[in-house]
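Only one chain is included here, represented as structure tokens and corresponding to the form predicted on its own.
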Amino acid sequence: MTAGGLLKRLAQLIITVLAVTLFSAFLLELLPGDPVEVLVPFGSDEQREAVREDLDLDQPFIARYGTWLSGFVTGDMGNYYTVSSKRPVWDRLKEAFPKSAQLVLYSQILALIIAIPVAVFAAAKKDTFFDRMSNTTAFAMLAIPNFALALVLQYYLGVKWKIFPTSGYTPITENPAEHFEKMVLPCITLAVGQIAIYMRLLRSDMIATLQQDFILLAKAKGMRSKRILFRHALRPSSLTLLTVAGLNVGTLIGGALIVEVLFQIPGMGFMLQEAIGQRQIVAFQSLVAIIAIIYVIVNFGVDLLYTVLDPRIRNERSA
């Protein structure tokens, strides 16, 4: 990656964070009612005035945003407010982030583990019964909303058959078996839609790749079909999949908000829902900024991985 490329990515990061946080803060500003009444509903007038002054609610919207931004740049993410106390957002964020990161990571791994072999074999057996069934199943998976799937899984696998817990979170350091047991249903809920997307994209690219001359040459040399599929055809067909997997980090984080609330996982999605419901404006802006930064960094990593998967890109950049 050249210096120009790094500067471009840095500029993209800054613009994305500014645009996303400004727009989201403006939307929160449109909610009716006084935020102080929500934050300290039973507080005294003095307590409410102290919170109002601390949040700069007596200042114009742009001035408040500028104050938050200057604090965020220096590492001050603001506070969570209650009637009698306030707690730094960072204290809660460092507890919540690993939970959300685990949920997104597990879901992404599960989706790729299932989607890649299904897509490869569907492409190899194009227009067969297996190919048609996998495509039909993918369309059905795409049509299921996350929240509906979560409720169905909770009822049948949790309440009725008692196979998995329906809610809660256990750190992996405390009890690994219980940790993964409680993450099964949330991960399936998030992964189902991604499996369908990844499978259909990779299948289409694999079909095109299998018609290339170098694949025909490999077949003519008598190479085994599995070696051709997984060693020669899969890697050049993975560029679109890699791009979408990186872009879908944002989708997974958005889905995690609903999933974490339904399964009572105290992650960043749960914090966002709480911040919106309680009008924790500064905390909400900080959380959105962190998510935007993660999104840009992940896609930066995807861009770097292009050079590993496709030597042509590496050669063009080094030229």
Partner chain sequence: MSDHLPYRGHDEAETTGIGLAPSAMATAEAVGIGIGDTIPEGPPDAEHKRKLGIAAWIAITWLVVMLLLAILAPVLPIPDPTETFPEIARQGPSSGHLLGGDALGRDLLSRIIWGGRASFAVGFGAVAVGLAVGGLLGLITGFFRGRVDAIVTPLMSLLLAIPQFVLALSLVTVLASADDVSSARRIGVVIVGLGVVSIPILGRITRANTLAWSEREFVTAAKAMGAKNFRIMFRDVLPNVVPAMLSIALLGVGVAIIAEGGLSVFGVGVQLPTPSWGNIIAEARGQLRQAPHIVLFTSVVLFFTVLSLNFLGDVISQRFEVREGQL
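Because the structure is a prediction, the values reported are computed rather than measured. Heads up, when I say rigid core I mean the largest set of C-alphas that superpose within 1.5 Å between the two forms. Residue numbers count along the first chain shown, from 1.
The same protein also has a form predicted together with its partner chain, omitted here; what follows describes it.
- With the partner omitted here, the stretch from 186 to 194, 67 to 75, 85 to 93, 139 to 147 that lies within 4.5 Å of its partner chain by heavy atoms in the model of the complex is 139 to 147.
- The partner is absent here, but in the model of the complex a heavy atom of Q154, alone among Q102, Q154, N79, S134, sits within 4.5 Å of its partner chain.
- Checking L39, V282, L272, I265 against its partner chain in the model of the complex, a heavy atom within 4.5 Å turns up for just one residue: L272.
- At a distance of at most 4.5 angstroms from its partner chain in the model of the complex, none of the three residues F121, L202 and A245 contributes a non-hydrogen atom.
- Not displayed here, its partner chain is kept clear of Q108 by more than 4.5 Å at the level of heavy atoms in the model of the complex.
- Residue contact with its partner chain in the model of the complex: N175 places no heavy atom within 4.5 Å of it.
- In the model of the complex, none of the heavy atoms of F300 sits within 4.5 Å of a heavy atom of its partner chain.
- With a 4.5 Å cutoff on heavy atoms, I114 does not count as touching its partner chain in the model of the complex; it lies far away.
- Interface residues of 234 to 268, taken as those with a heavy atom within 4.5 Å of its partner chain in the model of the complex (partner not displayed): P236, S237, L247, G250, I253, G254, L257, I258, V261, L262, in sequence order.
- When the rigid core is held fixed, the Cα atom of V259 travels less than 2 angstroms between this form and the one not shown.
- Core-superposed comparison between this form and the one not shown: the Cα of L39 travels 2 Å or more.
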